[in-house]
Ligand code: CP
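Single chain ahead, by itself, as structure tokens, in the form predicted on its own.
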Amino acid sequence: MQTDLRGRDLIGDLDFTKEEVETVIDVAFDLKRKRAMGEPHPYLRDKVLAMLFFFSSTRTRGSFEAGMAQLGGHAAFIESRTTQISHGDTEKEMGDIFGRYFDGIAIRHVDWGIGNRYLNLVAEASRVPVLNMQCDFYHPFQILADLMTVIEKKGRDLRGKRMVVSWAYAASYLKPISVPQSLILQMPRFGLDLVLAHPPEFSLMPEIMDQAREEARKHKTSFEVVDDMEAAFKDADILYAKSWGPLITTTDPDEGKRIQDQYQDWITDERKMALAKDDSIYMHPLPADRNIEVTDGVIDGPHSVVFDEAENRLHVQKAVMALTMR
């Protein structure tokens, strides 16, 4: 167990080693047990977390606020439009000043080409940990919760298990690519054979793909890319199907929507689920476009673990905060 994570940032999924991620998961399971048993665990008494949002949130805000309260501290919700950021507060000023007010800074900024750079510039100026609540490149806390859920459902020995990360159609908006990118970086480190499925226009960042292939090579797992959702689903153990925008192909929202609308048959339905193994699980970070991205029968069905997955956001975030903000 790697115990000295005090003061560390978590911005990209590979910022923590595999052993450090295992520590986070172990602590998360302990905190989940403590909450179930009603055991107080105020490890961050009198600590305060700044939560700076440039993008809307349901689970992220709720789980970080609840988590800090359960750890004995306080989370301050700060919506960027209510600050002076638009009037000149720079990343350096936010990092330096908030680093003096708070014991940790958590940021959600998913604007393409801006978010990840913003977090790193704040981190350079901050004396306290900077935590990525989602940027344009990564969503590390979601993937830690996903990993915890996979371990709960499939056990610690995941070698030989087939996990599908698939694009799915959504009508609401062009969603960030951070979830699939974080999944393909983190999951091969834990023995999962990965299949990435998407239409040709929905590729991920080339440098992230190269890193994912290197993680698969290093950990002796397979990493395959296909453009057929049904072929990907066949004999899968874990199905993680969600929408993301064609941001590598185009950043024009109208053109992106035109491309996206060509693939409305990329829906996770009961027929496709039947292609997977009988004990397969369906995962989604939520919110989902119901009966567009996934049918009610799947997301509310016996294979779905989406609510356990959402709960585990609370536990992994508490684990990282407890380890880094002491």
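The first residue of the sequence shown is number 1, and the count goes up from there. The shown structure was predicted, so the numbers you read here are calculated from the model rather than taken from an experiment.
Same protein, other form: the form predicted in complex with this ligand, not shown, and the subject of what follows.
Looking at T295, S280, Q70, S57, which is the one with a non-hydrogen atom within 4.5 Å of this ligand in the predicted complex? Looking at the other structure, the residue within range turns out to be S57.
Residues in which of 57-65, 296-304, 270-278, 31-39 have heavy atoms within 4.5 Å of this ligand in the predicted complex? Every other range fails; the passing one is 57-65.
So in the predicted complex, does S243 come within 4.5 Å of this ligand, heavy atom to heavy atom? Flag for S243 set to no.
Hey, in the predicted complex, is H198 touching this ligand, heavy atoms inside 4.5 Å? Judged by the heavy-atom cut-off of 4.5 Å, H198 is well away from this ligand in the predicted complex.
Residue-level contact is defined here as any heavy atom of the residue lying within 4.5 Å of this ligand in the predicted complex; does K318 satisfy this criterion? K318: no, not in contact with this ligand in the predicted complex.
Quick one: does Q142 come within 4.5 Å of this ligand in the predicted complex, counting heavy atoms only? Flag for Q142 set to yes.
For the stretch 265-286, I need every residue with any heavy atom inside 4.5 Å of this ligand in the predicted complex, listed N to C. Result: P285, L286.
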